[in-house]
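As structure tokens, one chain now follows by itself in the form predicted on its own.
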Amino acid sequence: MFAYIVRRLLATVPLLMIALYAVHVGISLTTDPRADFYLCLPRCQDGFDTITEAYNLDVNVWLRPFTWFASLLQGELGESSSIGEPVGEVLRSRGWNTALIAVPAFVISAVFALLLSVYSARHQYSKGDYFFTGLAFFGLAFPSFVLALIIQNVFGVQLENWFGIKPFNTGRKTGTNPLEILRDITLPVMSLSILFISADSRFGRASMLETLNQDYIRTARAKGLPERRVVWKHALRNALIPLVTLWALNFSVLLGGSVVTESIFSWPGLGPAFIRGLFDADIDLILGIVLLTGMFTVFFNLVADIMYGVLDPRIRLD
């Protein structure tokens, strides 16, 4: 197992470096941090030269990423020109805000998707199955920004107009009180959870149905095992394998910053910071977020691979 983990990590480091190299070159070819200075040259030559030196813009586009890699090896991620803080500090503060909604959203969506998958598979073509299937398709059909806007308007604005109470905030406040934080995160977590529950429950239902029709499940039932034990111990274990892959990708996306949801709820997470970095050609900030997201993706996919072996002993990782 240890050798497998080491091999996977060694194999993914070059892939991550290639991705960062491609992002750096792509941004360098399409943006120029000196764009605002061209119109005032030569009067603003000093500012023009300062930015040129700070971003190594006098170096060939294909060679610039290596300067950034050299700084990365020394633990330096650069300074965010759009936010005015070190990139490491931005990732820490913004990453914490993103985690505040990403972790609860992931846990809630995983639990509900699992329960709905088991229920729909056990009661195939029943009224309950049709009802939850309809809700899932309804959730999938809604664009994420439309769903977020509806939730924000109904629970964050209209609820106060209708009943004179405002239990939820529509954006991140500065309070550290647990109750206040709960009011902050409820609406964005609700928005993200509905989207992921809709998708995950469909995959889970299909996987559970396939597993319940396997020969070993029929054998377990023929032996007289209780249905609860057949479903939750024998069938669910194998049915979880496709969901584990999906959950690994979902969690990576959530921790990398849900751009649409965070932007709509004015949530100071990684998503809006990434958009701001794109508009302001903030190369260091964009690369820092890409690096963090890539590390999350590598780590949780590795966790998913290890879980395969735990769920199904027939899968050997060594």
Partner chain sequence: MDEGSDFDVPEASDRSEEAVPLFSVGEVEGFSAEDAAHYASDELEGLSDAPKSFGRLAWTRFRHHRLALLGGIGLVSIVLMFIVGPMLSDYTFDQYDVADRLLGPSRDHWFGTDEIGRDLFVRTAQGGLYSLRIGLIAAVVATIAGTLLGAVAAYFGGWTDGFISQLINLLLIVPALIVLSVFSLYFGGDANRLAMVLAFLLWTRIARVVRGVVLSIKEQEYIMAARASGASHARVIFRHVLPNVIGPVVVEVTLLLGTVIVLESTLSFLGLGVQPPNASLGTLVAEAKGSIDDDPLRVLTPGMFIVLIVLCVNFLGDGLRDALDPRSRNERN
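Numbering follows the first chain given and starts at 1. Note that the coordinates shown come from a computational prediction; the quantities given were computed from them, not determined experimentally.
Below, we turn to the form predicted together with the partner chain, even though it does not appear here.
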{"query": "Distance check, F48 to the partner chain in the predicted bound form, heavy atom within 4.5 Å", "finding": "no"}
{"query": "4.5 Å heavy atom contact, R202 to the partner chain in the predicted bound form", "finding": "yes"}
{"query": "Touches the partner chain in the predicted bound form: V298 (any heavy atom, 4.5 Å)", "finding": "yes"}
{"query": "Partner proximity in the predicted bound form: V157 to the partner chain, non-hydrogen atom cutoff 4.5 Å", "finding": "yes"}
{"query": "The partner chain in the predicted bound form reached by all of V90, P104 and L187, non-hydrogen atom within 4.5 Å", "finding": "no"}
{"query": "Stretch in contact, per heavy atom within 4.5 angstroms of the partner chain in the predicted bound form, of 66 to 74, 36 to 44, 50 to 58, 259 to 267", "finding": "259 to 267"}
{"query": "Of A99, V111, L149, L182, the one that lies within 4.5 Å of the partner chain in the predicted bound form (heavy atoms)", "finding": "L149"}
{"query": "Those residues of 272 to 310 which, in the predicted bound form, come within 4.5 Å of the partner chain by heavy atom", "finding": "F274, I275, L278, F279, A281, I286, I289, V290, T293, G294, T297, V298"}
